[in-house]
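First, one chain by itself in structure tokens, the form predicted on its own.
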Amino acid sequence: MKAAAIDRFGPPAVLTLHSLPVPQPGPTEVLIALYSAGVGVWDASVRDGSWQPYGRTKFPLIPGTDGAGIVVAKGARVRNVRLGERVWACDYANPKGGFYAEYVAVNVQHAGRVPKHLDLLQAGAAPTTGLTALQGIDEKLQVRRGEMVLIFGASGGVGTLAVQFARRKKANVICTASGRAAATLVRKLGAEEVLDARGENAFERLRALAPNGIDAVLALAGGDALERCLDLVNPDGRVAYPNGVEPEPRRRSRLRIVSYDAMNGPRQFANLGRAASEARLQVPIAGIFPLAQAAKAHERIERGHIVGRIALRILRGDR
């Protein structure tokens, strides 16, 4: 199979097209013919060696934490997935290689059925960010109807999905996003108000938008602007942020602030599929690159300010 892999740690240029054996699924695994894969900043950290989730690295290494495609083979103990089914999957440290490839073999517990309304290009860009967004909104913040929710840094891969999941809960959603394109997209996805947290009078505007305070914050970026926003959170308010957000929100005695890593088991995928269908989830794609141009996708990631998520298109004919 073709795969975008690295033979050493380094800059985007080390990510090149390889010809590698198709992985064979074990007893509890499915083999997926991938139509698309997501590209995230964490993949760049794997590529340059600053994050090594696989432990002792063996080269060639195929990056990629998520993707979507068709089940073409399965292990003898897999019962709840059929050949030919459309699935999306997420695995942070798959010993048989990541998702920048034509095929991936993953534990069936790390996969789920793709909601009917999503095509496989969108689905491949959604598992990691979708699990992160949903667990932040539903589990860590426990957002409820009518609450005032702030999504800080809403225009990226996680934020654009979190907006939709929060609106699904009938919450009042305020977002921060920089740039006209980002603000327009976030508003289209359901945000009632969008402001540039670093803009002039941003704090005063937020206070006017939330005169009774903010009930919950999903922080997807850190820094002084976030800290000013947290001054407006109610005494019994909640703040959550995925691990990796830097600088981390400063601890405050009156607020419940939790960090988390998204889980990727059967229950989590069932919840994601159900929530995506309820929200009629849209997955904004900021750029599409063929597998052979994975290095260019990483160059784009490293330039920053991605509105949505970058995706690799691997096979044609999305279903």
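For every residue, the number given is its place in the sequence shown, counted from 1. This structure is a prediction, so every number in the text was calculated from the model and none was measured.
Another form exists, predicted together with a small molecule; not displayed. Remarks below refer to it.
The shortest heavy atom separation between L255 and the small molecule in the predicted complex exceeds 4.5 Å. By the criterion of a heavy atom within 4.5 Å, I306 is counted among the residues contacting the small molecule in the predicted complex. Remark: A197 counts among the residues lining the small molecule in the predicted complex, judged by a heavy atom distance of 4.5 Å or less.
For G237, no non-hydrogen atom is located within 4.5 Å of the small molecule in the predicted complex, even though that partner is not displayed. The partner is absent here; in the predicted complex, the one residue of V143, I174, V158, V108 having a heavy atom within 4.5 Å of the small molecule is V158. The partner is absent here; in the predicted complex, the one residue of P95, G84, G244, G213 having a heavy atom within 4.5 Å of the small molecule is G244. Taken together, the three residues S178, L220 and D261 all lie with some non-hydrogen atom within 4.5 angstroms of the small molecule in the predicted complex. Note that among 27-35, 52-60, 274-282, 261-269, the stretch whose heavy atoms approach the small molecule to within 4.5 Å in the predicted complex is 261-269.
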